[in-house]
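We begin with a single chain expressed as structure tokens, specifically the form predicted on its own.
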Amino acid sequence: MTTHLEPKLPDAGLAGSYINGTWHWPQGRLVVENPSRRVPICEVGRGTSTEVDLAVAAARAALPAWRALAASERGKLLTELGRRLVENAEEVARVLAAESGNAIKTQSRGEAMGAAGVLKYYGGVAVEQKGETLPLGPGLFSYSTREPHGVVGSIIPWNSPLQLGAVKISMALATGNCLVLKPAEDAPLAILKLAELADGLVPPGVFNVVTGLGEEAGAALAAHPGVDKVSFTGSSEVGKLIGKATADRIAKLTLELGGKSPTIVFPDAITDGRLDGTAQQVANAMRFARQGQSCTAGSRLFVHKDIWDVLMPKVAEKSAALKVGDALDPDVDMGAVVNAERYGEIRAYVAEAEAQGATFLIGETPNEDPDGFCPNPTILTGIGNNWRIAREEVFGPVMVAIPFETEEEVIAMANDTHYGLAAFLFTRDISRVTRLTRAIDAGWIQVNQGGGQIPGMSYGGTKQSGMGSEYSIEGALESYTYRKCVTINIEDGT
């Protein structure tokens, strides 16, 4: 019998909000559930505009001293937070698996270490906030510097909360901003554990966490007049609402939104013994091990007709080999989708496609009332690129596979979407790589691999997949600072 790795929850009294270096309980409560078991885990605070006001005021008060601190010192604090997370990675990973449904074996442990890597990366590059000198001529000395926007309000989703939280924390704090972070109501616990680790490390007010509902705490944060910049990761629909809220006061904005990413496989990708490896990378690109709950999931698979009968069975074999179950089971590869609403929407998409005549290569329409929200990996064929399931973000473990014949045809199908976040291309022809990576509308394209983001990459989307980029020092400077130009007349007597 498998022994599950039970989580150690945030300490009693430390599941409210973290504001100005202290723990604060709002009047309301929210219940966090384990989606693998459909049982409550614990209660957290249901913050509202009251808590947002307190957190923003604390951040504004802390801002002058924090922005004046040497970037190298800010970097040291981020590096130390990353070190503390490494020391507590297993404990945090168990909490993350319990709340998010992401399997501890394949996802949550890796996310905990990945989040620590992000903190350490920005800790190391914090000093790279350099300006320029401008040769304007004799008697004039002109230079530019990078200055923080001020108070940043960040809102993160539930699918990868610790990793995305680390990105928002690192980019804001490294560049001299203060932060108010609103985690998703379905998965706030790993972020609260990170706040525990940061307690006493960063000065009070520099890093604040407000838990609560999106329509209450999240909306109040996006609309707050004391927030100079908003960074949001989540759905395109919510991103549009946040864009409207920030437009009224011309606040700075970064949006990392949804995707319907194409994966394109040409015949030469499986030659010379590459069939097995390519099939595995195609399955990886779909993010099946994360239940498909990734905005970069390669959920539209375009396979050249000449290799369809060879590649598709192998992709199906790799995908179906994943063991599905309780995210805290150390033998499980793929856990649960986050809640009943998400599960029901995934079920509705698949049921509609089945009714329209789609064929299951693997998987099935999920059960209506399961013990845990754990749908199986599903690959559908016999589908047109104009079907709803091929156009809208399912955000579940559902891939649609479509054959193609020519480059022109597959480019047109890949770009026939209002999204433009990621794409995956499999070919050994460097000329084709050059042509297609230029032609495909996506902010992030991987060639011959289906991996995830690595600190230092520039990551962001086009079209309705968002604006701005993250994960790199360049993205942090572009999105979290503004350029200040100073011109000095150095001639005497003027």
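Everything quoted here is computed from the prediction, not taken from an experiment. Numbering starts at 1 and follows the sequence shown.
In what follows, reference is made to the form predicted together with ligand NAD, a form of this protein that is not presented.
Subject >> Heavy atom within 4.5 Å of ligand NAD in the model of the complex - the one residue of Ala93, Val265, Val118, Cys295 that qualifies >> reply: Among Ala93, Val265, Val118, Cys295, a heavy atom within 4.5 Å of ligand NAD in the model of the complex occurs only for Cys295.
**OP:** Scan Val238, Ala358, Ala390, Leu253 and let me know which has any heavy atom within 4.5 Å of ligand NAD in the model of the complex.
**Re:** Flagged contact: Val238.
**OP:** Using heavy atoms and a 4.5 Å cut-off, decide whether Trp158, Leu164 and Gly214 all contact ligand NAD in the model of the complex.
**Re:** Heavy-atom distance to ligand NAD in the model of the complex: all three under 4.5 Å.
Subject >> Exercise: Tyr459 in contact with ligand NAD in the model of the complex, heavy atom 4.5 Å >> reply: Because a heavy atom of Tyr459 falls inside 4.5 Å of ligand NAD in the model of the complex, the answer is yes.
**OP:** Examine Ser299 and determine whether its closest non-hydrogen atom to ligand NAD in the model of the complex is within 4.5 angstroms.
**Re:** Output for Ser299 is no: heavy atoms all beyond 4.5 Å of ligand NAD.
Original post:
Is Pro183 close to ligand NAD in the model of the complex, meaning a heavy atom pair under 4.5 Å apart or at it?
Top reply: The answer is yes: Pro183 has a heavy atom within 4.5 Å of ligand NAD.
Original post:
Is Met334 close to ligand NAD in the model of the complex, meaning a heavy atom pair under 4.5 Å apart or at it?
Top reply: Contact check for Met334: no, nothing within 4.5 Å of ligand NAD in the model of the complex.
**OP:** Among 72-80, 129-137, 215-223, 373-381, mark the stretch whose residues have heavy atoms within 4.5 Å of ligand NAD in the model of the complex.
**Re:** Contact-bearing stretch, as computed: 215-223.
**OP:** Scan 230-257 and note down the residues that get a heavy atom within 4.5 Å of ligand NAD in the model of the complex; none is a fine answer too.
**Re:** Result: Phe232, Thr233, Gly234, Ser235, Val238, Leu241, Ile242, Glu256, Leu257.
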